[in-house]
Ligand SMILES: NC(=O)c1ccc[n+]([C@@H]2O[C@H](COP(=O)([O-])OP(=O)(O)OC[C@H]3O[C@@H](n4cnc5c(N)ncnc54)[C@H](O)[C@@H]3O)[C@@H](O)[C@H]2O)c1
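The chain below stands alone, shown as structure tokens; this is the form predicted alone.
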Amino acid sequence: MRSRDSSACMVDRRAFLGSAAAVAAAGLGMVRHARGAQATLGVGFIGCGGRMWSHIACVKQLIDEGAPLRSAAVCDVYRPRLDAAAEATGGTPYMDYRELLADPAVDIVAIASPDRHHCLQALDAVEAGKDVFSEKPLAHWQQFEQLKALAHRVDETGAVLQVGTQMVADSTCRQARDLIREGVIGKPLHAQVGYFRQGDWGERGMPIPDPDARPGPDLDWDAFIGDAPQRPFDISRFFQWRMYLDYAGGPPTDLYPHVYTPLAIALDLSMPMRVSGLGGKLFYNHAREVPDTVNILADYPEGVTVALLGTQANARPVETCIRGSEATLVFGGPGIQIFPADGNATPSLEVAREAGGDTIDLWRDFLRCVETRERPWSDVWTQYGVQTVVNMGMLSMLGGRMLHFDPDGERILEDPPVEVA
């Protein structure tokens, strides 16, 4: 993502990190660098549900490979999950994530709590002097102000924040960016990407392990609610939270950051100019609140429109491509294919993928940046732009109105009603 200039209240992260004076002025950043040079870094895991076990496995693999890491602490608001994670890692167990952040043995924080908590827990971790690997989405669709605060605070403190959009571990997004910068496709005009799969991953994908679970010393309902609307305890909301708008957003927040982030990197996208979202609950019509089908269109000041498409009711994919004035760049074949703009089906150029990758490679990149203080692949400014598009798409779909982004005030604005004569 291309950072905005200071007049738009955006910090150029590359300039910031490249300036020794700026880093020296950020005392906390110097503390972080010194800490990164230590022999061993303690990892704290916040949110010990299904996805966190992938991160626990990644850290274990890295330790086995000789990385200077150790599992220092684990946290969950549900004691059975907490106890299982503590037994597997040997980390100190906490039910309150703030106690984990206060633990001096914790240097790096991995966050895989429900979506609503990612942004606020990451912000608190940054304030506590920790570097952060956060699951996507970086923020809930109602949390734009918190997202904005986190992006700026990461730069102010010199923190390293990586978001778990593991598709960026594939080198093709950076190779595509270089090709586009070289003018291979001319001026980028239109791009499309989608996430299509079949299955209701709320109720069916999130079983209730204990139907008798109730709030108490082993289940902290208030901590689960966080800044969401206060509601009486509901066992489905607690265990199947992906079904509910208070805590999740369906495909746009759960899935789309994966595919949109590589496209944002390839196109050097800034913040969107305007966004429209369409769709809804078109097939899975039961207790689920979140949509199953959402299509988002985003216009950018660079003069490119991006179509972000998807449904959870059909797994037939769409091609990921960027159409320019001179040619079309397609993610496919050996890695990248360039086709003539006239629609000719024979590629004029094929570029081999330099490296594939997955979550473990995203962790390797994160640890490298913890040491060097460089910008990670899925950094906070890239995710600020990606998440803003996702949030605006959700708000547009739910409100039935196109939304605009004000770059000077960093605000999301609604379209006024259109009067038809």
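All values derive from a computational prediction rather than experimental measurement. One-based numbering along the sequence shown.
The protein also exists as the form predicted in complex with the ligand; that form is not presented, and the subsequent description refers to it.
Residue 114 is the only one of 194, 114, 324, 335 with a heavy atom lying within 4.5 Å of the ligand in the predicted complex. Proximity to the ligand in the predicted complex, taken as a non-hydrogen atom within 4.5 angstroms, holds for one residue of 43, 386, 394, 48, which is 48.
Only one of 217-225, 171-179, 144-152, 293-301 lies within 4.5 Å of the ligand in the predicted complex by heavy atoms, and it is 217-225. Using a 4.5 angstroms threshold between heavy atoms, residue 206 counts as touching the ligand in the predicted complex. Although the partner is absent here, residue 200 lies well away from the ligand in the predicted complex, with no heavy atom inside 4.5 Å. With a 4.5 Å cutoff on heavy atoms, residue 77 counts as touching the ligand in the predicted complex. In the predicted complex, none of the heavy atoms of residue 288 sits within 4.5 Å of a heavy atom of the ligand. Residues 320, 364 and 377 are none of them found to lie within 4.5 Å of the ligand in the predicted complex, as judged by heavy atom distances. Of the residues in 148-177, those that come within 4.5 Å of the ligand in the predicted complex through at least one heavy atom are, in sequence order, 164, 166.
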